[in-house]
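Starting off, we have a lone chain in the form predicted alone, written out as structure tokens.
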């Protein structure tokens, strides 16, 4: 009798934090959104090319029972392998010298792995976090787990459901449209806190229109596109 081999969740030699992330059980797709556990992630980068640019800072903010757990927020810096380009410094304000004492990336990311373990990931314009974290996690011997919920797509869905012309793409503009504060733009922790509040506000509004689950939120882009056709 043949044994069915389970897919490998992590590579031999992976760190304890990586193993925890790979193995931690998460809420199922049918879980009502307010019952699920989330981790809002924001990255500051040396550029937008995941093949050549680097993560230089990150933040994670947990959400439990539909509430931001500010005391559980995480912020970290990563020492880059080469000088930062001037154009990126102008955006986030971090200089190469500011990161000289920071740990190298593979060490710095370990607390982030722990913070993300067992939680559904939320990000704004999530393609950025997905592309950079996918490569980063490959180096750790694990795979980035889906779904990743995108507050941009959720905002777009809410705008269509409310018959508004369009949803703001910029995180700060989206927060202001929801009458929410904007916390320190282009700083990983500030943007993560803003994204967390935006996420809760948008999904609360959507849930009033129709009960939302983790799975339905993960399908925000498809739902928006269906409304347009």
Partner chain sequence: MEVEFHAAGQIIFSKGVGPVEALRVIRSGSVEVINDDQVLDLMEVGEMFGHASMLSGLPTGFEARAAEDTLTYRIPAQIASQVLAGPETLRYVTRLILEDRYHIRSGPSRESIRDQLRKPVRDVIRNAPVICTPDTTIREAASQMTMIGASALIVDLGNSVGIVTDGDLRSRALASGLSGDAPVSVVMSAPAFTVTDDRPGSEVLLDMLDRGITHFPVISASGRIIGIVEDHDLIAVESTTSFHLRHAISNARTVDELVATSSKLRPTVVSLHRGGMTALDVMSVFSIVADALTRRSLDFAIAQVGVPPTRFTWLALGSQARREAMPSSDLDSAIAWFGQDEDDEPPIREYFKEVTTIATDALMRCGFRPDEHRVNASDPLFVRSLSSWQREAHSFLDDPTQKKALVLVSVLVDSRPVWGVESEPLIADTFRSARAYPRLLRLLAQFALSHKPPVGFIRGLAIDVSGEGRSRLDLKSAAVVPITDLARWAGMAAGVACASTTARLSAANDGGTLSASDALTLRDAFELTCQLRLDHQVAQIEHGLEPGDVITLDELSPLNRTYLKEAFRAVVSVQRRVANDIFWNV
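Numbering follows the first chain given and starts at 1. Here the structure is a predicted model, which is why all the values come from computation and not from measurement.
Keep in mind that the form predicted together with its partner chain is not shown, yet the notes after this line are about it.
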>> Quick check on residue 183: any heavy atom within 4.5 Å of its partner chain in the predicted complex?
In response: yes
> Does the 4.5 Å heavy atom contact test between residue 219 and its partner chain in the predicted complex come out positive?
Replying inline: no
>> When the contact criterion is heavy atoms within 4.5 Å, does residue 169 count as touching its partner chain in the predicted complex?
In response: no
> Heavy atoms within 4.5 Å of its partner chain in the predicted complex: does residue 67 have any?
Replying inline: yes
> Which of these residues, 36, 200, 39, 45, gets a heavy atom within 4.5 Å of its partner chain in the predicted complex?
Replying inline: 200
>> Counting only non-hydrogen atoms and a 4.5 Å threshold, tell me whether 16, 57 and 131 all contact its partner chain in the predicted complex.
In response: no
> Can you pick the stretch from 117-125, 67-75, 143-151, 104-112 whose heavy atoms fall within 4.5 Å of its partner chain in the predicted complex?
Replying inline: 67-75
>> Can you list, in sequence order, the residues from 199-225 that come within 4.5 Å of its partner chain in the predicted complex, counting heavy atoms only?
In response: 200, 201, 204, 205, 208
